[in-house]
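The chain that follows stands alone, in the form predicted on its own, written as structure tokens.
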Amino acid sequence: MTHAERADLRLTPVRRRVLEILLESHAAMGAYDILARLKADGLGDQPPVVYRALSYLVEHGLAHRIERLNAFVACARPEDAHDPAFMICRTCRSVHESTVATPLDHAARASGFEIERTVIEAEGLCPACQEPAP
């Protein structure tokens, strides 16, 4: 049983296809790239179609918005509530999702502040895009 089934999420054909498109890609995808795929599949050609689907997937933890790229990726751990940290390759746009405890988390706990959302994005080069050592 998938996370979506356990959480009783309503995955319409468009939402399901957008999630599949994100899962097929190992790089962050812009909304218009996703829209082009939806159009090719006959599932819509208007921007609101993809933005509504992406909004739903992000809201329910099945996808993440990569602020730095204004793009989206499928969540690597949808069954766990978490604030992910992203390592973004500046060359191929691949995105690796991780979770980290930050000094900010410790400071928030110490002061009684409740963090509702944290976005951590690191940009660099993935192993495949790094130049080989001489």
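All residue numbers refer to positions in the sequence shown, first residue = 1. Since the model is a prediction, treat every value here as computed from it, not as a measurement.
Below: the form predicted in complex with another copy of the chain, not depicted.
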Using heavy atoms only and a 4.5 Å cut-off, determine which of 76, 87, 31, 58 is in contact with another copy of the chain in the predicted complex. 87
Using heavy atoms and a 4.5 Å cut-off, decide whether 27, 45 and 49 all contact another copy of the chain in the predicted complex. no
Taking 4.5 angstroms as the cut-off for heavy atoms, does residue 81 touch another copy of the chain in the predicted complex? no
is_contact(residue 124, another copy of the chain) in the predicted complex, heavy atom dist at most 4.5 Å: yes
Close approach of residue 36 to another copy of the chain in the predicted complex, 4.5 Å, heavy atom: no
My question is simply whether residue 23 lines the interface with another copy of the chain in the predicted complex - judged by any non-hydrogen atom within 4.5 Å. no
Checked 21 to 54 against another copy of the chain in the predicted complex; residues with a heavy atom within 4.5 Å, sequence order, are none
